[in-house]
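Next up is one chain by itself, shown in structure tokens, the form predicted alone.
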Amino acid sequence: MKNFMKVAVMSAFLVATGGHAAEKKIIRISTTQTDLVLQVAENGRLYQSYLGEKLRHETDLAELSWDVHAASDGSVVPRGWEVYSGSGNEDFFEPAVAITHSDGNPSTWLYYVSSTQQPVEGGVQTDIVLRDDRYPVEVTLHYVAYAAEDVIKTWSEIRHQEKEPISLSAYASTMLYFNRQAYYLTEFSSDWAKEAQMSSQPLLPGKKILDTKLGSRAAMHMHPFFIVGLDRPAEEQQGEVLMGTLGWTGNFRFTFEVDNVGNLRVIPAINPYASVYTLRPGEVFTTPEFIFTLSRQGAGQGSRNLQAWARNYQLKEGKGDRMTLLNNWENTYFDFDQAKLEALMNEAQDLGVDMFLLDDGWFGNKHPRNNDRAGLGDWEVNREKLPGGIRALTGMAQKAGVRFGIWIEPEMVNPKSELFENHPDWAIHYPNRYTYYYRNQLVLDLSNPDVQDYVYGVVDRLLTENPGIAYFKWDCNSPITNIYSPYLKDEQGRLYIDHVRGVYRVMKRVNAKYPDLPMMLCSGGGARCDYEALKYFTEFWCSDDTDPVERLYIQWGFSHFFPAKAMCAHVTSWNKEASVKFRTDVASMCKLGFDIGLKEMTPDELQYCREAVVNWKRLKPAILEGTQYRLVSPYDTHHMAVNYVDSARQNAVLFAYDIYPRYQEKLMAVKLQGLDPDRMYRVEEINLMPGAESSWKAHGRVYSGDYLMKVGLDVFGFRSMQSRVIELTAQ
């Protein structure tokens, strides 16, 4: 009787949908650990039938299904987990795509057409074509499964051949579904100087949305990544978690919707806020890449999956080296000249770093850049400060034995600039309202091809005229204000999206001509930190907040999605109550740099920094290329610990920090991870002040990897803002 009713319901449904019966086709998207299984149903539409731990037997895939329900009035309610659900169909919940056709019809029903699979670097790409049965609208779903790293990347393309443009009011990268007892969301909120702040909450019936509407400097308040704990809150070393991030440098939106029967749908997308997008016939709308991993060993394993994937396939020069540097910003701010910079270059050489980085304030003549109120857009060397130009500075750097890098902010303009005087229509601003300035500047309209050419020309001219430039720090300090494009005129719904695409066009051109040029992605700190921009940048600036205590939380948060070699960390004068050793040890767990006056250090502090640079360079195979294990969270204790292990498990380094310990609190040994249990390791405390000998009882002793991972080391203490760096070497 039950089977008869199911057939009857399906038959009624096929009549209701015009008889789109199709052969039941299974599409399997797999890594070594995870299966995403999609099926074409008898109604011809595509559904997710499984997302979870990889199934061992191919024959089991045919057993996966979803329910098609009959309502009490006899009507058919499919309510399946449609992979790319359109608005206006029978589904009651948030759709992936919403289209208003040229005749005004707001519905889209997508049916399976075809699918192909082909090998790509590191994995397998699956492409699935869906098509509306009433309108010439087509959606192609793309998936790349990276087997070894257990990461899946997915995006979609929307195109049409209607006679007139259609309007897109929703355009997700994908949709994922889960059926669990409970769901717990960890988000990464932000503001200037307090980036990547982690907080968690249960997901209850209804929708929870994480989004941004800032346009540029888009992740200032919310970062484009998240963790969902399945069945229980996300933990570091156990439990099943979904970890996802969107490769988009503009407005994004993550929708987490728990439906009436407790299922969760996750929808990553460009935020459609103020962005009803007019899509012309033949034009292709490509959504951002959504990158995710499904870990069954907690967030720690999920992070290692994403970090390895980024180094191997996504991050610019992901397998390349990184330079240590000395920045002038907190030494000089805007007040410098050639002589002062030359002295700093010599300090960089004395410190032992690879590069000197000149920050803001080197440009502008009619409107000199002596503060943040003038000069942006006028990328000519300030002749009063630097009469010899950039060429003289690169020569000084070469003489000092260091490389030369320089700061730019080419997407922005100060109203007090020659660029704005000559091209006010190149800036995003209202033609008939009061102009609001964020940080005394406006955002250039990169939806405009002329502006794209100009911004590219800024970079190209600097490099062509000054081939000694070895590095760019590319900043972006303002969100989009006064949201109107003089270029787009009556198509303002395209602004937020076409602006970001214009930014990418510039980045791609720079990368094509200068593929080996390392660049730092900066945005008032860490407000740009996505894997699309990082295709063109070797690293990003996590935060302007370099207080080492705050940095421990910031770096802990970012490490959930990014490898250490992508995260810049500098030693500065922030929080002088912390020792130079503590500040340096905190920065050493990422890509090390300095932004501090060496003359303000004592001779011992300077010598300490020199030795710390030498140690960091020696340990780069573990810190930058190795596997990271987060051991003790600052959110759970008054301490923090992280260790890195190189690929051969020959060398490792443990960073341990006492933040603000409680009086005579119970201190626990730190159990390392990732070592070879059958090898013996000598443990030595390094990064000691000159003349100091380690009083640590384990210094110089040899332990098995098994002991170090099961029993651990006593590395914490009772004094605030103290640190230990432990080097482990296999014997």
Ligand code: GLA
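All residue numbers refer to positions in the sequence shown, first residue = 1. Since the model is a prediction, treat every value here as computed from it, not as a measurement.
The following text describes the form predicted in complex with alpha-D-galactopyranose, which does not appear among the structures shown.
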| query | finding |
| --- | --- |
| Segment that reaches alpha-D-galactopyranose in the predicted bound form - one of 417-425, 633-641, 475-483, 83-91, heavy atoms within 4.5 Å | 475-483 |
| Check all three, 317, 321 and 471, heavy atom within 4.5 Å of alpha-D-galactopyranose in the predicted bound form | no |
| Selected contact from 397, 622, 503, 522, since only one has a non-hydrogen atom within 4.5 angstroms of alpha-D-galactopyranose in the predicted bound form | 522 |
| Partner-contacting position among 407, 188, 285, 256 - heavy atom within 4.5 Å of alpha-D-galactopyranose in the predicted bound form | 407 |
| Residue contact check: residue 585 to alpha-D-galactopyranose in the predicted bound form, 4.5 Å heavy atom | no |
| 4.5 Å heavy atom contact, residue 360 to alpha-D-galactopyranose in the predicted bound form | yes |
| Partner proximity in the predicted bound form: residue 537 to alpha-D-galactopyranose, non-hydrogen atom cutoff 4.5 Å | no |
| is_contact(residue 329, alpha-D-galactopyranose) in the predicted bound form, heavy atom dist at most 4.5 Å | yes |
